[in-house]
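Take a look at this single chain in structure tokens; it is the form predicted alone.
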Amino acid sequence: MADTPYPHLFESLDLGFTEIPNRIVMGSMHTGMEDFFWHYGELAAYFAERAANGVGLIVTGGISPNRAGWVAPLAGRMTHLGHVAAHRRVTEAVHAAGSSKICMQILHAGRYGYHPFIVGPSDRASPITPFKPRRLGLRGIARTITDYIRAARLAQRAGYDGVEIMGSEGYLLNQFLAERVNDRRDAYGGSTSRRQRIVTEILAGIRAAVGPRFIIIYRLSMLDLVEHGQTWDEIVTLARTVAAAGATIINTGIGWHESRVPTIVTRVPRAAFAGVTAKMREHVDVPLITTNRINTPEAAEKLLADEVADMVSMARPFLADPAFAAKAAAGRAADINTCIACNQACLDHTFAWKRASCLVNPRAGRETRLNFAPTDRPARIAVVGAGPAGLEAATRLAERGHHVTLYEAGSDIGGQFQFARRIPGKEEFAETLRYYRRRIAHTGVALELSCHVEAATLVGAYDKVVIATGVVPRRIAIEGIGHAKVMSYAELIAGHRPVGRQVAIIGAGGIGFDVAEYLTHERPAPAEDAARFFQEWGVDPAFASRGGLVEAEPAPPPRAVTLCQRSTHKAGRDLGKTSGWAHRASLRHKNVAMRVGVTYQAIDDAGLHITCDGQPECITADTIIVCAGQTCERTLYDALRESRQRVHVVGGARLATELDAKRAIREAAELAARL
């Protein structure tokens, strides 16, 4: 595609026996649709839409080669001919949609499985499941190798172009490779070659079974990011052995699920770990895929142009926008709905056994059920409030052919996202606002900024009104709450008032944690500064130390912060399952004090007076930030209801919880599909 602004990204890759049309990999991601055959029609539609939009190579979510390898009870597996038909629906849909290739990932969870049948190289339990694994004996290892080979042969019969062997992220094969878990002293433990033996036997067996004209990707952990992980020399040896055993492509894996270093959340700089793929290039001749926190075509193009890798894997970006590749190829990168790496509707759902979707694209995973067909009855619709819910409702309604006016009392769109994008580690949220600005322009929404619209203006002028006025900070009753040192989180983040060196935060929910991040990091935050990120979290920038870890050296915080909450449970308990731990660790790095079981007594010149464990005390504070939740802003909605105007309410105006953009955008999309 000579006319694309991304020539390296859209160059084909000749594997000798087959050709991949471009260098874009839709990386493996478990959606929940893989687990039951009756969902495979939806799974086929999900993948086919991405294939129709030009993805070069698709890798499915993990499919187990046997029952012991399940990630969870009844998870997807490929173990007998009866499984082939469902998978064939997927491969036929993908091949009919375009020239994409599709590989089935074979994943054995090992000790990470969430069920009582789990196995591992040893009986050491993992910190992410309550079940203790059974140590595989030699016959058990032989059966496991046979199961991998059988799964690959069945995948070939199902029409897949290849398989990816998951050897990373701390799953079974990665467990055999690292002394952290593998304490065996037999043929599959001890020396480097014996710990790597199961991998080479699986790959050699699969290659012999499927023949030379079948893609085999090996996902190799190039950076374990755990204590007693692999050394760089061991990783290089494995890469060479994997290539010799029959791997067509080596994919980069980063970190274990139990690592103390975040690897994919939004606070991770873009392409932060790509350097380890570049370091591997001098050691092997097979094509390499680089991955992790690559979410724009510009970033992917640069990695390829700089010869960091031969292909670039992006998983969540294809949840956020199925047309990512097509838009990039057409020079319309500004129209891409960029993944913000929030994890709220994708990985958080996966690890809670829910269907994966996407905060910024609730249609992901619902391609057969949530669609926006052109209306045959165009209506005049007013949407009030240009936060995430209002933006989604307005642009989707206009996309369908309605005549939409979007009213916003502020001077810019975004609502609570205007606050979120200012939080260190959440700078990516600005991409969503960029996307909606483009959508407003393209769909013809009439945008009225700095317009505090009244009910009288709307009644009779519009056929329907959508209220998306969001939330306002909750007012709390504490003696001295009107003191000059007290401010709301909104006042703080908007920069309306100065902040002292000693700060107390009332409320330790998501907002409280965000405010603590804001207060303990210098700005502007270097969103692309991988070196600073590695120093903060203790990653060896040379990737040479065992496990890739060194001593963390967090930058000292600019102020002392105490985070308080009324409830007695652990602070931050309700944060996202896959990102909350990183929030808590980040604040520990900054010496944030977390107080639970607090009763607020008063505020005065001395600070915040509390009672904790029955003992009164005063938290010395120059500034006190109130982050005690929100209430619905629905004054206009109530007024319109009284006027009998046809009115709908979505997002925070309907239900005020923590800043729940996932629910707000989903509700708005579903409403737009109905109206």
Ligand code: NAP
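The numbering used is simple: start at 1 and walk along the sequence shown. This is a predicted model, so every value here is computed, not measured.
Keep in mind that the form predicted together with this ligand is missing from the display, and what follows is about it.
Kindly indicate whether Gly510, Arg566 and Cys627 are, all three, within 4.5 angstroms of this ligand in the predicted bound form, using heavy atoms. Contact check passed for all of Gly510, Arg566 and Cys627.
Could you work out which of Glu234, Glu301, Asp514, Glu536 is the residue within 4.5 angstroms of this ligand in the predicted bound form, going by heavy atoms? Comparing distances to this ligand in the predicted bound form, the residue within 4.5 Å is Asp514.
Find the only residue in His115, His452, Arg355, Arg474 having a heavy atom within 4.5 Å of this ligand in the predicted bound form. By the 4.5 Å heavy-atom cutoff, the listed residue in contact is Arg474.
Options 554 to 562, 539 to 547, 76 to 84, 575 to 583; stretch whose heavy atom lies within 4.5 Å of this ligand in the predicted bound form: Stretch 575 to 583 is the one.
State yes or no: in the predicted bound form, is some non-hydrogen atom of Arg111 no more than 4.5 angstroms from a non-hydrogen atom of this ligand? Contact with this ligand, no.
According to a 4.5 angstroms non-hydrogen atom cut-off, is Lys426 in contact with this ligand in the predicted bound form? Although this ligand is absent here, Lys426 would touch it in the predicted bound form, with heavy atoms inside 4.5 Å.
Though only this chain appears here, would Ile506 touch this ligand in the predicted bound form if you measure heavy atom gaps against 4.5 Å? Result yes; Ile506 sits at the interface with this ligand in the predicted bound form.
So in the predicted bound form, does any heavy atom of Tyr600 sit within 4.5 Å of this ligand? Output for Tyr600 is yes: heavy atoms within 4.5 Å of this ligand.
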